Ligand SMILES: NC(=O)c1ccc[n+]([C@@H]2O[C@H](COP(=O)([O-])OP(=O)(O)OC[C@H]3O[C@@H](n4cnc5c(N)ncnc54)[C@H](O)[C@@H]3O)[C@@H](O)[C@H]2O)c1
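First, one chain by itself: the form predicted on its own, in structure tokens.
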Amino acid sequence: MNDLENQRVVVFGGLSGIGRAVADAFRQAHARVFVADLAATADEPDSAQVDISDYESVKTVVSHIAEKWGGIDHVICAAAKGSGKFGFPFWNLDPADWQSVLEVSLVGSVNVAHACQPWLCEGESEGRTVLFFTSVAGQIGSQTDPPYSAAKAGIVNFTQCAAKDFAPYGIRVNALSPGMVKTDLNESVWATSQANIPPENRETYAEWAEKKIKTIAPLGRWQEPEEFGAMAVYLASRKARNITGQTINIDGGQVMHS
């Protein structure tokens, strides 16, 4: 029996991309997994539709899960959104373009943390965990989408604040930072980057992606969603019992701190 068997796991944003890979990894570890996602439908088992920018909705879903299972052991927030516009230079955007990005990609994670806190701290809380998702964009000031970069930078700092607050309860809080992953969000970055380029000079997604990954990542290869699932499971396990307040890059070497 592994130490995650029958553990109660909630994955926000767990129906697609990295979030789905994380949910699948916990299932493979024989944990009980509930997915909360904006795209969830009534016919999907152990799932619920939720907009994480709506705190009352998040609280309702979290209470439903915790009451159904008698508590929550691990919380993962993988939901995020970009502005959908090319933000270089930043004044290509309007200040109004920032609001919904911050509400989902930063405040959404704060909403999740607040809603889950009472259940995480209840009873024998030692060994419970919270995992947020930031991005290399939040560490290097990516000019592609400044609102998204700023939101993800806020996640790095909030991870540290939450880790300190939860530590007396034996609860650990960390963040995973993806580099370049082929997801719908990444493809939207490509689409916005081509918008102001004459049609005859535009690159296909495959051309753009191949050039970009070899330019920015020392290892020169894409990161795979399954890598984040494996790391998420490790961080929730007792093997990682002394890891908290950390932002862990899975980025092919794109961000290196001296």
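Remember, predicted model here, so these are calculated numbers, not experimental data. The first residue of the shown sequence is 1; numbering continues from there.
Separately, the form predicted in complex with the ligand exists; it is not shown, and the next lines address it.
J.: Might Leu38 be said to contact the ligand in the model of the complex, defining contact as any heavy atom within 4.5 Å?
T.: Flag for Leu38 set to yes.
J.: If you check in the model of the complex, is Lys152 within 4.5 Å of the ligand, heavy atoms only?
T.: Contact with the ligand, yes.
J.: So in the model of the complex, does any heavy atom of Leu235 sit within 4.5 Å of the ligand?
T.: No, Leu235 sits far enough from the ligand in the model of the complex that none of its heavy atoms falls within 4.5 Å.
J.: Is it the case that Ala175, even though its partner is missing from this view, gets within 4.5 Å of the ligand in the model of the complex, heavy atoms only?
T.: Contact with the ligand, no.
J.: Candidate spot Ser83, Pro146 and Ala191, all three in 4.5 Å heavy atom range of the ligand in the model of the complex?
T.: Checking in the model of the complex: none of Ser83, Pro146 and Ala191 is within 4.5 Å of the ligand.
J.: Within 4.5 Å, heavy atoms only, which of Thr183, Gln139, Asn157, Gln117 is in contact with the ligand in the model of the complex?
T.: Residue within 4.5 Å of the partner: Thr183.
J.: Choose from 84-92, 157-165, 126-134, 67-75 the stretch whose residues reach within 4.5 Å of the ligand in the model of the complex, heavy atoms counted.
T.: Going by heavy atoms within 4.5 Å, the stretch is 126-134.
J.: Sequence order please: the residues of 3-20 with a heavy atom within 4.5 Å of the ligand in the model of the complex.
T.: Sequence-ordered list: Gly13, Leu15, Ser16, Gly17, Ile18, Gly19.
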